[in-house]
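Presented below, as structure tokens, is a lone chain in the form predicted on its own.
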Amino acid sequence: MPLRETEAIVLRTYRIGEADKVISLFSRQLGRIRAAATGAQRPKSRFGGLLEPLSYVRLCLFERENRELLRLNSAELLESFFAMQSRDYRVQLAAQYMVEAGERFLPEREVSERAFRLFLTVLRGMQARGEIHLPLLYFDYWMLRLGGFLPPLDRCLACGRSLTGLAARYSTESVGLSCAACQAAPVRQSLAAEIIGLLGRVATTRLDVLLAAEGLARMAQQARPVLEKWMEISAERKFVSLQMLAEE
């Protein structure tokens, strides 16, 4: 059984029996994996609170031949995002959405350094600012782009007309933007030119720079539903945490 070392973000934990847990992880060196943590539920477990959802940890894992489930040997906490979730329910729901999306969009055992850095960047952005709209917009944009689902944002998908400086329309049933003249889908909603411009900034600007700018959080709040709808269409499922977040 080779011993593997990796950095990872804890996605979820599942109780197994009275003493053990199975941990869903997005690891830097191994991709999305699952590992068994023997005795993790015991009061004096050596893992303690190291396996809280969205903790950033360094792990040593035993990988057994012909078995998908690894076995956790040791864990070291590198960074915790527990406090921000416990003090703000909206941030907790936003973090749960990242977990849902990650488990849907990230293939098992497929390494993605860019996606791993994206998770850390967004979690750190929410922790630093206590604001969810820009971090979630940034997360959605890059998850769609890295997954190959992001449509062109600078032209109409129906006729190819440039959308630079123009308002656009989007469908609640398909991914993509169209110009005001095209009605390719039955349900169309308007998207202001400034919102399209913000999506362009997300493509080229670091999240910490966006968070420091004035007035972008309000625009991000308007833009989020568009990309979240595209996320659900691309994932072919509804995200429970998004529905709960919308009710807050």
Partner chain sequence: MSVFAGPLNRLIDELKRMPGIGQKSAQRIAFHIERSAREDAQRLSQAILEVKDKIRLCSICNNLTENDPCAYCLDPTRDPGLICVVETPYNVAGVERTREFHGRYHVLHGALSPLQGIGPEQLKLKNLIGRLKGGTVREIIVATNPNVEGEATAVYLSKLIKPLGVKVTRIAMGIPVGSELEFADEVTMLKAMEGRREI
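Residue numbers count along the first chain shown, from 1. These figures come from a predicted structure and were not determined experimentally.
The discussion below concerns the form predicted in complex with the partner chain, not included here.
Which pick from Val99, Leu150, Leu123, Leu106 sits with a heavy atom within 4.5 Å of the partner chain in the predicted bound form? Contact check passes for Val99.
Give a yes/no on whether Met219 approaches the partner chain to within 4.5 Å in the predicted bound form, heavy atoms considered. No, Met219 sits far enough from the partner chain in the predicted bound form that none of its heavy atoms falls within 4.5 Å.
Does Pro53 reach the partner chain in the predicted bound form, with heavy atoms at most 4.5 Å apart? Taking the distances in the predicted bound form, the answer for Pro53 is yes, it comes within 4.5 Å of the partner chain.
Please check if Ser80 has a heavy atom lying within 4.5 Å of any heavy atom of the partner chain in the predicted bound form. Looking in the predicted bound form, residue contacts with the partner chain include Ser80, since a heavy atom lies within 4.5 Å.
Please determine whether Val240 contacts the partner chain in the predicted bound form, using a 4.5 Å cut-off between heavy atoms. Taking the distances in the predicted bound form, the answer for Val240 is yes, it comes within 4.5 Å of the partner chain.
Counting only heavy atoms and a 4.5 Å cutoff, which of 197-205, 28-36, 66-74, 44-52 contacts the partner chain in the predicted bound form? Looking at the partner contacts, the answer comes out as 44-52.
Which residues from 79-104 come close to the partner chain in the predicted bound form, meaning a heavy atom within 4.5 Å? Sequence-ordered list: Ser80, Phe82, Gln85, Ser86, Arg87, Tyr89, Gln92, Leu93, Gln96, Val99, Glu100.
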